[in-house]
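Read the single chain below, which is given as structure tokens and is the form predicted on its own.
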Amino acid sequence: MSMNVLLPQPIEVEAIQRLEQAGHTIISAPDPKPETVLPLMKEVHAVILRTGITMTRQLIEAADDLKVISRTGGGFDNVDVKAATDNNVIVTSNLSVNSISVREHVLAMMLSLVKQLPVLDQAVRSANYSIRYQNLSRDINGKTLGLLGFGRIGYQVATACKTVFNMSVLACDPYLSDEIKAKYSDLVSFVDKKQLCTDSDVLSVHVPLTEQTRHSLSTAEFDLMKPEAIVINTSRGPVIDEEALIAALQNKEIGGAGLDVLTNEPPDPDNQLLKLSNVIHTPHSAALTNECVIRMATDAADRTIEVLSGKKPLNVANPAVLESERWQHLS
């Protein structure tokens, strides 16, 4: 049975082909503005959602028979999951689909900052070849990696750093049970946030954005860090207090930062983080490799097809909705 799948933003052709081969009709929004998407929702059965729009209660309840919202990424901060649950709409994501790509991005930022690649590159271009004698680069072998959050990506980063660079790995994740932590005791030592900040040479952030994690790194945390410590954030911008980070970088309380995410995206041109030479920026693109974008889109299409064909999908964000009468038929 053909059903309507709404794309508020374009997705890769490989994913569209899967949906069409399954017999479904694609509805593409001209742009992802809520006022554009709202009138399209009425006859939609599924939404494949990127990050350019938030699926609010108003949008969800504008649909007559919405069955599934399928995220191309792993996070749900642009979905009103409660509203979806209230309306018996399944929300799915692509947990772990971007883990490899984000891990590589973290490693690239870490090495670039520790080896001072942007500074050295600019010096060579400016005919300052004698900068080589300043010994700005540092080794990372045997240093300590700290992970704020130890989920799929944190695990990938920990494994790579311990295996390739012989780094000691610390992690702070109060939401993991002691049983789960024990499974990774050969890889990582679990510590509190104070020790994490005090001992880490590189501190990489891997937590979702919640009210509990907002500003997890602020003045108190930066005051504990080594003056050469590097902070890397590929999760969500507001996990770090930007004003506190700016102060720590300007005052040389920490050595540098690699930021794939910011509190406001794109950033205000006056954001002081854009003016600091000890910061590397990328435009929330850690997962946006060519290969990963295709994986995210095709996996989101697969989750959509599963629901529309009467199968229980992977990675359901609101599993309580599956208990409703509406979804008792799922195999």
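Source: prediction; values computed, not measured. Just count from 1 along the sequence shown to find any residue number.
A second form of this protein, the form predicted in complex with a small molecule, is not displayed here; the remarks below concern that form.
S.K.: Among Ile131, Val81, Leu176, Leu224, which has at least one heavy atom within 4.5 Å of the small molecule in the predicted bound form?
M.R.: Residue within 4.5 Å of the partner: Leu176.
S.K.: Since exactly one of Leu262, Ala286, Val293, Val37 fits, which has a heavy atom within 4.5 Å of the small molecule in the predicted bound form?
M.R.: It is Ala286 that has a heavy atom within 4.5 Å of the partner.
S.K.: Would Leu148 count as touching the small molecule in the predicted bound form under a 4.5 Å heavy atom rule?
M.R.: It does: once the small molecule is placed as it appears in the predicted bound form, Leu148 has a heavy atom within 4.5 Å of it.
S.K.: Answer with yes or no whether Thr234 is in contact with the small molecule in the predicted bound form, where contact means some heavy atom within 4.5 Å.
M.R.: Yes, Thr234 lies within 4.5 Å of the small molecule in the predicted bound form.
S.K.: Could you tell me if Arg152 has a non-hydrogen atom within 4.5 Å of the small molecule in the predicted bound form?
M.R.: Because a heavy atom of Arg152 falls inside 4.5 Å of the small molecule in the predicted bound form, the answer is yes.
S.K.: Although the small molecule is absent from this view, report whether Asn98 comes within 4.5 Å of it in the predicted bound form, heavy atoms only.
M.R.: Although the small molecule is absent here, Asn98 would touch it in the predicted bound form, with heavy atoms inside 4.5 Å.
S.K.: So which stretch, 207 to 215, 244 to 252, 83 to 91, 135 to 143, is the one near the small molecule in the predicted bound form (non-hydrogen atoms, 4.5 Å)?
M.R.: It is the stretch 207 to 215.
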